[in-house]
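Take a look at this single chain, the form predicted alone, given in structure tokens.
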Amino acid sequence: MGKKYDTPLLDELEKGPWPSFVTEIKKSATHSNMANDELGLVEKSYRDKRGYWKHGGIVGVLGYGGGVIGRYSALPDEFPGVAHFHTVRINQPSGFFYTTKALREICNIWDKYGSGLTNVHGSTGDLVLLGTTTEALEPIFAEYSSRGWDLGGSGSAMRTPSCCIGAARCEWSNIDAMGICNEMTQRFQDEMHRPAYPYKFKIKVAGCACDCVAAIARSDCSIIGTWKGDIAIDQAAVKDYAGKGMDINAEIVEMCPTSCMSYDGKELSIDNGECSRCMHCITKMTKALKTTGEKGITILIGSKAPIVVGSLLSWVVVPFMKIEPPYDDLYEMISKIIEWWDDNAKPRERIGELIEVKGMRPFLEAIGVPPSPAQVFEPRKDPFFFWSDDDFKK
């Protein structure tokens, strides 16, 4: 092993009740020079109050433009173990289901070629392997691909679609989130591995509006499971919840975002025409309430983290779409959305930013979706509105 580093500043991050990344790096540092030198480099960054990572560089594997993020140290002579410290993304299984055998396989290969450090999972969804050299990239890819694993998306490309566990283990799921995620992953393989977009494009699938995968806040295209029927009420179960101490007015009725519920102390009532299908009442009173009728998806577009401009939340584009395997209608809709964005966006401009610049109207016209009140993100501020001749055609 290399030099033993004193890390008084990093040691502070191990204090307190929460797990610390410093502890994990120290574990890997006992058998990895890369992890050991990473401790030294990061401690120096904290001490000097400046970063010593150089992000970028053209690295990858033959035939793939994505899946590897180049990263180098600005101090290769002082910390030779992290002169190269590339990140490798592995496309995760839908719903993040792994066997212990699969996880051991991933970790054993990574210990052989990299630092041993992982991030399970990154915001894109991939299982992230942190720290390897340029020379090791091809052998890493060869070993993972020979066992059925693939690289994920990176760069200005379709990022790896991700989803919640959906109907596999969740009684609230309105759709087969894992099936949709897997189908979109297979169909967008070329777009994931060979970046050709203005910037990144993320798809996330949630089985219901609880959105356990944070699609509405973290993806360019959010696919949310929903339903068209009424919420069925078991009044006996409602009475049981109240009898066991639930304050139904405070915890359910007053928390309803559209105020479509009422409770008179005996029965719960729902004005289903005003329901936004947020799932709050169903998740709090699972034994008393359940969805009915036709199931499908809501498609939202445009969320992102604050990079070029501030963060954005998705807004509704398609309020309801009924879908069935092999999800051709969904694939065609997403393809139309991407085509408009690809034709109009500047470099490093996400689709949400482009819609803010161009407006929702040309976007909806391009993808062939009629306007509806559900698509209104906020009240119009401009008092002037200009009609086109097409608006008056029947």
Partner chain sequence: MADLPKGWLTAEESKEKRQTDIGPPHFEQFLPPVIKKNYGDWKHHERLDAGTMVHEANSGDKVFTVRVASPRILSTITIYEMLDIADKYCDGYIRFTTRNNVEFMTPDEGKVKPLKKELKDKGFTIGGIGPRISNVVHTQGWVHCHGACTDASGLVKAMMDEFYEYFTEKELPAKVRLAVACCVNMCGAVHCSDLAVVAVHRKVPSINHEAVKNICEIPTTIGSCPTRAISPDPAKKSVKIKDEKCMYCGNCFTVCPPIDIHRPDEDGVAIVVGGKIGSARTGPKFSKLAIPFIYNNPPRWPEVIEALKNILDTYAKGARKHERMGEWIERIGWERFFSLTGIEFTYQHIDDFTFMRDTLRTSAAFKM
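Residue numbers count along the first chain shown, from 1. If you superpose the two forms and keep the largest set of C-alpha atoms that fall within 1.5 Å, you have the rigid core. Bear in mind the structure is a predicted one, so any value in this text is a computation, not a measurement.
If you look for the form predicted in complex with the partner chain, you will not find it shown, but the lines that follow are about it.
Proximity to the partner chain in the predicted complex, taken as a non-hydrogen atom within 4.5 angstroms, holds for one residue of Gly273, Pro306, Gly243, Gly265, which is Pro306. The partner chain is not shown here, and in the predicted complex it never comes within 4.5 Å of any heavy atom of Arg361. Taking non-hydrogen atoms only, Glu38 approaches the partner chain to within 4.5 angstroms in the predicted complex. Taking the partner from elsewhere, Trp227 is found to have every heavy atom lying beyond 4.5 Å of the partner chain in the predicted complex. At least one heavy atom of Tyr64 is located within 4.5 Å of the partner chain in the predicted complex.
Taking the partner chain as positioned in the predicted complex, the residues of 159-180 that bring a heavy atom within 4.5 Å of it are, in sequence order, Cys163, Ile165, Ala167, Ala168, Arg169, Cys170, Glu171, Trp172, Asp176, Met178, Gly179. For Gly16, the Cα coordinates differ by 2 angstroms or more between this form and the one not shown after the core has been superposed.
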